[in-house]
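Considered here are two forms of the same protein chain, supplied as structure tokens in two stand-alone entries, structure 1 and structure 2.
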Structure 1
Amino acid sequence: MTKLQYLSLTKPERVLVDLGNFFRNFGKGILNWFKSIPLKLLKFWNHTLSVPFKTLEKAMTKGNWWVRGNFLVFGLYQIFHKEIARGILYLLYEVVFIWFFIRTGLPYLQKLGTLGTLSLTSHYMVDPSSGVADGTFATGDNSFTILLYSIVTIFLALLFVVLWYFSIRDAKSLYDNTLVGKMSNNKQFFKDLVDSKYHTLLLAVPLVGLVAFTIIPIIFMVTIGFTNYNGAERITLFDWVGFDNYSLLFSGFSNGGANVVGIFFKILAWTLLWALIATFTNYFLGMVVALLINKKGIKLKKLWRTVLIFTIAVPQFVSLMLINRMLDVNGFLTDLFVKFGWVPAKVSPFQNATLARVIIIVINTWVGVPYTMLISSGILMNIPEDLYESARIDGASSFKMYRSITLPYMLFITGPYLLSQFVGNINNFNIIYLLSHGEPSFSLDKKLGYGDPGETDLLITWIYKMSMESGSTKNYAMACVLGVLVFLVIAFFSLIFYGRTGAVKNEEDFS
């Protein structure tokens, strides 16, 4: 369609054309991304993965024997080259890792395939020939510990390989410098730490924290999803079950007649719908409130901002729990709903799925709009007034100025924030759990191990119920499976939409 044909259409027809172009371009974008994978892999190999192998080859063929010694002893050439501090750090990690691997890591890795075989917490060893306990006291296996220590050992082994490469690369670099008469020492090493490599020193601590408290727990959670771990306190052994938990979740009626897959897709649909509505209602209403308060001629601007900020000053969980009590069977707001005929007497509004969802969205708007209002206020004050003056001279209406100046500017600045809010609402545990507790319930038998999900539950609240509120039938493994699915949903939307935001695509255009 040409530009002239597009302009000749009516506004409703343009909207339909724009919508069709969006989905068409969206599909083409995904298809082109998959088509580009082989080229990206080839480029990644040529520019990234092949570089270490080339470096190792040069170190072996063109380095002296001290450089080649780094293949076996970390930091050997650095110590020989009088960079003792750097060499000792490399050597220290090698010694500590080998000691840890032999003493702790290897015994756990050997049991990783079975996750342990001795079910008792402790027992006396029995002589196979006589069948009598020989007095040797042994401790039983703990699958949880085996899995955790195995993952930690694998991470430390990967770090060992990385530092092994860095040790050889640094040795080759120092050797090349000596060939041209450029020498270095400990003083230069410490000077670099507070100068050219200061950023590396500062980022080392948060990087260790990221690996220890984020990456390793995520990998541990993913691996638990391939076991039958149920979280029972006295159970110390569990087994690998492969993809059984995934197939069980999507098997529909295979587990006690429970339509688990139907419940899963209902909760997933509500989670995405909730995240979309909650994000855009807060965003646009907060922007409208900021525009109204910042408009010229409005008096008492500070007062209106202060009134709205009161919802932020009060802790959110306090407000939500108070509203929950007001919507209880005997609550004040419930009596109003009964008078309007929206719910029967002595029945909580949360027993009506549609009404419960509307209430949740309204309360979330009341709680969330002030945050967006504050952010929007700061951004709106930075939009050049000359743009509005020029638009007024050209005869533009207030709505046209909003659509052509204010909204594009706001979306350009707050695009990543909008995406983070969408992701945050997918995992918005407080607003759902403290307000409605997921009601009304699907009445799923708790003995099946899926908790007690409800029609207003998000995936995150269902995970909590499944792993924390199921009594003796907790199902940590299935909860981990749901956690992986939540991650995949978030990753899908994040990867697609983040790169398409103006703040990322046209960052250099902002002034």
Structure 2
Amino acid sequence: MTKLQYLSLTKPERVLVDLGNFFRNFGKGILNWFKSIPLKLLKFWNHTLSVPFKTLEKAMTKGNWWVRGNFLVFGLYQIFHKEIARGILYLLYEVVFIWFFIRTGLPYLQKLGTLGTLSLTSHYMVDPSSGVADGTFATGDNSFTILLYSIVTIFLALLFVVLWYFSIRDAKSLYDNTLVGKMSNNKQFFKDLVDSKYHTLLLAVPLVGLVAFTIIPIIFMVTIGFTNYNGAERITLFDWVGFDNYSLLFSGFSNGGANVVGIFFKILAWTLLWALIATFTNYFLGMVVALLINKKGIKLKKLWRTVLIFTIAVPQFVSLMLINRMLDVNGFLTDLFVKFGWVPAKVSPFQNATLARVIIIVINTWVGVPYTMLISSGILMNIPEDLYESARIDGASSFKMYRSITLPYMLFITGPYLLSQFVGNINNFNIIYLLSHGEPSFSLDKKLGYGDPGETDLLITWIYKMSMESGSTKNYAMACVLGVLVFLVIAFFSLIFYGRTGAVKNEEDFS
């Protein structure tokens, strides 16, 4: 199919051809990705994986005794070599880790296999005098803390090995320098910290925060997915159940007999539909409003923009709860709906699923449009003026100009923004939870038992209900499984889009 033939086709045919190419390349892309795996592995092995072992072996054979000392005591050579600050840092970590490992790490790690055997008589130590639980935990095993501490310990152990290797490699290169006559001293370390190694100074603390409060929780979440911890109370014993949760979700029926798989796919479908509609409605409406405001002859531009910014200024949760109250059974809007006859009186509008979904989408545009309006007007302002002038000379009508200049330009610039908005909407918790709280619940004959999601629930709100809301239907492990699935869905979409939109690739040319 030469370029010429392609251009001679009519528009619909061209679209078909494009689609065909898209899927074929996509398939081919996956195919040669797999084919290149053995090559990549080999390259990975002799470039990155084997390098550490080579340096260790060299350090052992070629280094002097102090360097060999580093194998046992971190930073020994550095201290001997007058790089005291660096040496002490390494040594400090070793001491702290070993103390932590022996005192708490090891006991918990041993119990990791069985996740605790000693069941508890009562949850809390009862204060003999007042007979009220005084808030301290009774002895005995608590699988939750066992799992948590063992994950933390494993993480610190990995870091221990990495630092062990770094301290040896560092010692070796320092030793080589002395052989060649280049001496370095303590002052150099601090001077570097502010100059060539400035990034370590800047990133150290944020990264620690990131690891502790994001990475470890995520690892924990993924591992919980393989246990049967339903999160009812925190001091319980639960055990590994392997992939049962996943298989249950995809094939089985919940103990209440309801068809879990059906519910899961319904909610997944609604989540994707919701994300698609929400993103595009906000995007186009926002752009249209921006176009209207920025049109040449329109006066009081600042006024219109400030009105819309008002909705962003007021905290989102205040406006959402307000609207939720207005949609209450005898709320103001429900009253209007009743007058219009859409809803039978005295019934909350969220009982009928389709109406609930429409309301949510409308409210979402009400919240989202000002935000996209700002972005679009920002971009509209720096579309080069000469594009329009040349189009006007060619005699293009204002609609034609919009379609052939404004739209493609906007789409190109906001490509990655659209994707991040799409991902954001999949996880858009506030709108659903605060407005419809997932109503109406599924009309099921049998009891579901997993957080009882409603028809307007997204995956994210279903996870919240299952993990956080109290009540017997709580199942934290299943919530984690769903969490992992949400991640996979988002990762899948991002890979497709990110691969195609150049914005991320040519990040360097933007700057």
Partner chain sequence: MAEKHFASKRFAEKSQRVLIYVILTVISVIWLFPFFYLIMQSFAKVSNPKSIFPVEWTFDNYKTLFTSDTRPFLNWWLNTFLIALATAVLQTIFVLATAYALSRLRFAGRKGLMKLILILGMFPGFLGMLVNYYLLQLLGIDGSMFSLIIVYFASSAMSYYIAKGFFDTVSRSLDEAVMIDGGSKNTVFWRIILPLSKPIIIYTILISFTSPWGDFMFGNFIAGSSRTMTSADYTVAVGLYKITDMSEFGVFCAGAVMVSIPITALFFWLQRYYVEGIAGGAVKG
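Residue positions are counted from 1 along structure 1's sequence. We call the rigid core the largest set of C-alpha positions that still match within 1.5 Å between the two forms. This one's a predicted model, so the numbers in the text were calculated from it and none came from an experiment.
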Taken from the structure described, the form predicted together with the partner chain is structure 2
Item to complete: Align both forms on the core first, then report whether Ala212 has a C-alpha shift of 2 Å or more between structure 1 and structure 2.
Response: no
> Relative to the superposed rigid core, does the CA atom of Tyr371 travel 2 Å or more between structure 1 and structure 2?
Replying inline: no
Note to self: Given a superposition on the rigid core, I'd like a yes or no on whether Phe399 shifts its C-alpha by 2 Å or more between structure 1 and structure 2.
What the structure shows: yes
Superposed on the core, the Cα displacement of Val51 between structure 1 and structure 2 in Å comes to 2.6
